[in-house]
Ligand code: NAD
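Single chain ahead, written as structure tokens, the form predicted on its own.
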């Protein structure tokens, strides 16, 4: 039976910025679970696509791209105190919209720290400035200015977002399954101490998308199950990972940032050409792309422990993403053109005939084995749960919904990353839409079956070194 709970009422206006796969998918969830009328919702988007769906739901639709020159006129002139801006766009600066919302006293949520169009390819910017690390530092710099201001939830999609909450639940599950006698953590330091006590050295956001279409990918076409522009832009950023204290040496192409928390490093190459070994329960071992994501940095930063001002514990953390097979072929073709995207895009949805998105976190280092916790959502389940969604998009859109509800319930928290939200409340709202939510132990390690066929330089003394996980 479909969950129709109205979690909160909202009397003001909601502005959805961007109306691609995530905007289209979150709209029916907002109307289902937030007590709000269609006339309170306005969509502002750069693409005429989706206008028909907006009409179906009787919400206002404005086809007008936001730019640094016009955002105040197009959005700011409509925005009032108590309104909510849901930013699911690309090429629109989230920090600019956050500051606008703070000035107006409006709530805000996004799924990624996004800059203005052209930022990633600006030759005057350093790698740090183009990285998620740098973008996150810029956003977090606003926190002191808007302490106790209207709530602005940063980076709350599936990942980043849901997976940040998965980590906390996974740590509690590992503690319970291994008989660790610990109290439920009550602070950031407590969570770091729990991860350290459990021996966690590495956290992967381990995702395998097996959704397939009845229409094969064509030449000069990029096919994916979620935002193609978003995937390509983050794939062409430098590969980034939270850098753990157990690591013995930086990768040959690894570099540190000169400022900020120092919780992460970057590789001098894009994530869409960097592969890593990982594991999910259904897929087993696989090669994923080390695509930069905010959660790779924020999770590592959140779990960091310090003694006398020096870092004493931090896990390595990064994304290990195997997208749908059509997207892998699309990346291969795009990489062959040195990052030039294909002339045509196709977002898979109605033509998907089977498959699941197996999205979770993989905790490594505990003596009992590796532990994966997350969502297994099939295309059939997704279609039965919510309109306008496939398995991948629903994991994102329900995270946006749960983040919105949390913000409405907590309206004066200023700028907040997922780690500082109530993970149990978020999971309560999201879980009915996540298919099978499971935790599974495994005996996999990145050294498994690495014999004469893969004679790389390995570190057998510690399987959890990044040099063992990276595919060279």
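Positions refer to the first chain, counted from 1. What you see is a predicted model; the values in this text were computed from it and never measured.
Absent from the display: the form predicted together with the named molecule. The rest refers to it.
Engineer: Exactly one of 200, 112, 327, 370 has a non-hydrogen atom within 4.5 Å of the named molecule in the model of the complex; which residue is it?
Structural biologist: For this set of options, the contacting one is 112.
Engineer: Answer with one of 429, 46, 31, 437: the residue that has a non-hydrogen atom within 4.5 Å of the named molecule in the model of the complex.
Structural biologist: The residue in contact is 46.
Engineer: Decide whether residue 463 counts as a contact residue for the named molecule in the model of the complex under a heavy atom distance cut-off of 4.5 Å.
Structural biologist: It does not: once the named molecule is placed as it appears in the model of the complex, residue 463 has no heavy atom within 4.5 Å of it.
Engineer: Could you confirm whether residue 15 comes within 4.5 Å of the named molecule in the model of the complex, counting heavy atoms only?
Structural biologist: Because no heavy atom of residue 15 falls inside 4.5 Å of the named molecule in the model of the complex, the answer is no.
Engineer: Just checking whether residue 60 would be counted as a contact of the named molecule in the model of the complex - the rule being heavy atoms within 4.5 angstroms.
Structural biologist: It does not: once the named molecule is placed as it appears in the model of the complex, residue 60 has no heavy atom within 4.5 Å of it.
Engineer: Test of understanding: in the model of the complex, would residue 37 fall inside 4.5 Å of the named molecule by heavy atoms?
Structural biologist: Result no; residue 37 lies far from the named molecule in the model of the complex.
Engineer: Flag this candidate site as yes only if 211, 281 and 379 all have a heavy atom within 4.5 Å of the named molecule in the model of the complex; otherwise mark no.
Structural biologist: No, none of the three is in contact.
Engineer: Tell me, please, which stretch of 154-162, 267-275, 186-194, 360-368 lies within 4.5 angstroms of the named molecule in the model of the complex when heavy atoms are compared?
Structural biologist: Stretch with heavy atoms near the partner: 154-162.
Engineer: For the heavy atom contacts within 4.5 Å of the named molecule in the model of the complex, list the residues of 8-24 involved, in sequence order.
Structural biologist: Stretch hits, in order: 17, 18, 19, 20, 21, 22, 23.
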